[in-house]
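Only one chain is given next, in structure tokens, and it is the form predicted alone.
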Amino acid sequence: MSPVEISEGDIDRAYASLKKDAAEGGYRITPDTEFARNLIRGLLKNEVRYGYRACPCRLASGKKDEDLDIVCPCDYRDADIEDHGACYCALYVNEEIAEGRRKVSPVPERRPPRSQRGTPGARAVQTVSAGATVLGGLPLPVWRCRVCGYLCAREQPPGICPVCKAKKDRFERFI
């Protein structure tokens, strides 16, 4: 198998797109442009290899349904940024790091070992087949933005609402 070639133009376009999407969602991309470009190169290589942008800092299986949690932006990004100031690969960072007031520090891996993972569909089927009601048996709490009504299922509410940009304190536990 020959190495995957990614052009500088591909990286430029992906970088601009990621930076724009991040800003629109209330996120920041690392200010270290060279580092960001290397991560983006890895994302693009994974997209060519697997058909999806798996995090370049994690080992992808090549099966999208097994890797949905590590498709960039990964499921762990918000909790990592909240707790450590950056996501696992440090592509996404908080305001302090983006503005140079704090340095990136190592982020521990949140992704469970393969033996403890299942596809989201399999987890939902297991929950329902275990006799739980559909709403009451969700594996994660559901949070609602009190400003716009956006709903998300996760351990903690997002730091910023991706729809209306309200801060974390404007979320309430819905289920």
Partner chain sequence: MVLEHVDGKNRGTVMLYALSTCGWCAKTKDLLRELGIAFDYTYVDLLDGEEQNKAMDQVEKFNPSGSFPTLVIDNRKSIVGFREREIREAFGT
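Positions refer to the first chain, counted from 1. Predicted model, so just to flag it, every value in this text is computed and none were measured.
The same protein has a further form, the form predicted in complex with the partner chain, not shown here; the description that follows concerns it.
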Notebook entry, point to check: Tyr50, Val104 and Arg114: each with a heavy atom within 4.5 Å of the partner chain in the predicted bound form?
Noted result: yes
Note to self: Considering non-hydrogen atoms and a 4.5 Å limit, which listed residue (Ile97, Cys72, Ile81, Cys89) is close to the partner chain in the predicted bound form?
What the structure shows: Cys89
Notebook entry, point to check: Is the gap between Arg58 and the partner chain in the predicted bound form 4.5 Å or less for some heavy atom pair?
Noted result: yes
Next item on the list: May I ask you to check whether Arg144 falls inside a 4.5 Å heavy atom distance of the partner chain in the predicted bound form?
Entry: no
Next item on the list: Give a yes/no on whether Glu66 approaches the partner chain to within 4.5 Å in the predicted bound form, heavy atoms considered.
Entry: no
Margin query: If we define contact as a non-hydrogen atom of the residue within 4.5 angstroms of the partner, is Gly26 a contact of the partner chain in the predicted bound form?
Written below: no
